[in-house]
Structures are given as C-alpha cells and as structure tokens.
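Shown next as structure tokens: one chain only, the form predicted on its own.
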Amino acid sequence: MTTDTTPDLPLEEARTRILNAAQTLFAAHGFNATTTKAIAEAAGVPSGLIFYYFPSKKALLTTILRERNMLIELSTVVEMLLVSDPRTALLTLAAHYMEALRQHRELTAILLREFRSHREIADQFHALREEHIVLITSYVQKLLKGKCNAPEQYMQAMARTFLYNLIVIGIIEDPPEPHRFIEEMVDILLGGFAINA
C-alpha cells in the first residue's frame, strides 16, 4: 500500500504536491527561510524527489511563478467580455482582476517578497507586469475604437495606471470600499479621453 511519504505517487501528483507545498511555504516564510526538507515534509514526499523534478530550489520558485501565471485566465476573461460600454467593461475587468488577485494571494505574496532579492524573479515580475499592460492596452483600444483617437502611449499609460491601482488595492492595501475606489478610478481614467458618443 502506498503512503504519503513513498515515491510511488503518480508522477504528476507528486510534482503538483511539491509545487503546492513550496508555494504555501514561500508565501508564508519566504524563499530563503524555506528549506527543501520542509517542502518535502509538507508535500509528503522524500526530499530527493524535489530534485527529480527541479534542478534547484530557485528552479522550483521560477516554475511556480511561470506555470501558475494568472495572465492565462485573465486573457480568457478579456476574450469573452462582450461589453461595449467602456465604463462597464473596465469595471467588469477590474472585478475579474480583483478576484484573480484574491485567488492567487500566495503567488502575489511571493512575487512582492522575492522580486527585490532575486534578479530572476524581478525579471519575471517585470515581464509579467508588461504582459498584463499589453493585455489591458489591447482591450482598452478595442473598447474605444471609433469612440476616441488617443495615441497608443495614452492607452498604455491608462492600462498601467489601471493595473497598478488594482495591485495596490488587491494586494498591498485593503480599502474599506474597494468597489467605490475602482469606480472612481475608472471614471477618472475614462475622463482623460475625449470619447465620442
């Protein structure tokens, strides 16, 4: 009979358990304070099995951040949003971002904690941020097509402001009325464009 600490787990299950345990421990204690032994114990696998899947603890960290990227699910949300009113569309997108940030609280905690200490993580964080800005910019351009002719750099600035504010209220701060803040932010951002009726 197979127990939690034997290597007879299905390969994908063992890998997933390692990733889950590492994600939780990195978020709670930080990368440097988390040992591979602690990860193995939390995952219920032998310590050596970690290095079967990941050549180093740093590779484990970068794999978590790469494979559990919320951009994929948010891209799907953007593709499926069929709202033509820019205000409603941006409020809906903001709500999806806030929900994704809540669901991925451990990942965001890891990114915020580790990007200052590890160059690779900083690079990954900046690349991820830019991918989100491209996604939001593209969405805003589609929303405002034919309604305004703002230069692309204005659209990018709007997307950057939109994303940064969501990160602040979704991760760093916990405002008493986040929905009101988001509505005010969207109104201010859209107010910067001369939108044709």
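From 1 onward, residues are counted along the sequence shown. Take the two forms, find the largest set of C-alpha atoms that superpose within 1.5 Å, and that set is the rigid core. All of these numbers come straight from a predicted model, not from anything done at the bench.
The same protein also exists as the form predicted in complex with the DNA; that form is not shown, yet it is the one meant from here on.
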**Prompt:** Heavy atom to heavy atom, is residue 37 within 4.5 Å of the DNA in the model of the complex?
**Reply:** yes
**Request:** Flag residue 46 as yes or no: does it have a non-hydrogen atom within 4.5 angstroms of any non-hydrogen atom of the DNA in the model of the complex?
**Result:** yes
**Asked** Applying a 4.5 Å heavy atom distance criterion, does residue 51 contact the DNA in the model of the complex?
**Response** yes
**Message:** I'd like to know if residue 142 sits close to the DNA in the model of the complex, meaning any non-hydrogen atom pair within 4.5 angstroms.
**Reply:** no
**Fill in**
Counting only non-hydrogen atoms, the one stretch of 164 to 172, 125 to 133, 150 to 158, 53 to 61 within 4.5 angstroms of the DNA in the model of the complex is 53 to 61
**Any residue of 127 to 161 that, in the model of the complex, places a heavy atom within 4.5 Å of the DNA** = none
**Did residue 60 shift 2 Å or more between this form and the one not shown, C-alpha, core superposed** = yes
**C-alpha of residue 144 moved at least 2 Å between this form and the one not shown on rigid core** = no
**Asked** For residue 50, is the CA shift between this form and the one not shown at least 2 Å following rigid-core superposition?
**Response** yes
